[in-house]
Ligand code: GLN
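First comes one chain, alone, set out as structure tokens in the form predicted on its own.
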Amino acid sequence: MMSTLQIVVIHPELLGTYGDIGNARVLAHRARVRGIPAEIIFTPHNQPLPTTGDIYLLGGGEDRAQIASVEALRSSLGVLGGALDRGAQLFAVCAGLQIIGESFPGVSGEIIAGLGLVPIVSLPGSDRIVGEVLVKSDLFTEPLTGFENHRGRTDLGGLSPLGRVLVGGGNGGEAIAINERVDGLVAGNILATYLHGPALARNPVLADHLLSRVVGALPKVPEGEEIAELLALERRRALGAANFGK
């Protein structure tokens, strides 16, 4: 029996605007139904990050909350970096994606220094990107789905994206053709995306991918748990995934 899987939700009171706390509950559930003990550790901004986490989660949030979160995280940067070095995983969504980069736009477009965990830069766009998203990732057979709501545009600076955007804006770019748009990033033990939904509820295959990066190969979920996959299939069909092939 493996030790208890620790899922750390970073600053849920600041970065939980779009239900991204649900990502932790999905991870814990999909671990437990396979017999893997799991606990969720909620860490508010006025408390230090635990050093023993296996998966750390950063969610989405409004501008001021995002700035408050990154300022609080500066004192825990060594903890987060150390966790990644020992094999922990970081899953960052929307504001969380911007926070882990070199910089991101503030409330009035001013540039805020990020944590610098990855060499990406986010800049303000001319308008908000809002709506459903369909992303084809080489990591998975079927496309990923989600909902996006962000003004920032993120330049990956040569890093690999999570996938190519089939529907929606993704990381954005004022003059980027739809067939050139990408979403998120994959860099070492960091995986990030602009997908809300929550992303792991809408894409159980993505949740299992994160789990497998910590615990290794996963057995199939028990009978009766297929509802998550059925709902994911329904959402893909609603976005016309079949029109884009596999």
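Not measured: the values here are computed from a predicted model. A residue's number is simply how far along the shown sequence it sits, counting from 1.
Heads up, the form predicted in complex with the ligand isn't pictured, but that's what we're talking about next.
By the heavy atom within 4.5 Å rule, which residue out of 165, 94, 144, 90 makes contact with the ligand in the predicted bound form? Here the answer is residue option 94.
Just checking whether residue 150 would be counted as a contact of the ligand in the predicted bound form - the rule being heavy atoms within 4.5 angstroms.
Looking in the predicted bound form, residue contacts with the ligand include residue 150, since a heavy atom lies within 4.5 Å.
According to a 4.5 angstroms non-hydrogen atom cut-off, is residue 63 in contact with the ligand in the predicted bound form? Yes, contact at 4.5 Å.
- Query: Can you check whether residue 171 is within 4.5 Å of the ligand in the predicted bound form, heavy atom basis?
  - Reply: Heavy-atom contact with the ligand at 4.5 Å: absent for residue 171.
Q) Based on heavy atom distances of at most 4.5 Å to the ligand in the predicted bound form, which listed stretch, 109-117, 151-159, 133-141, 71-79, is the contact stretch? A) That would be 151-159.
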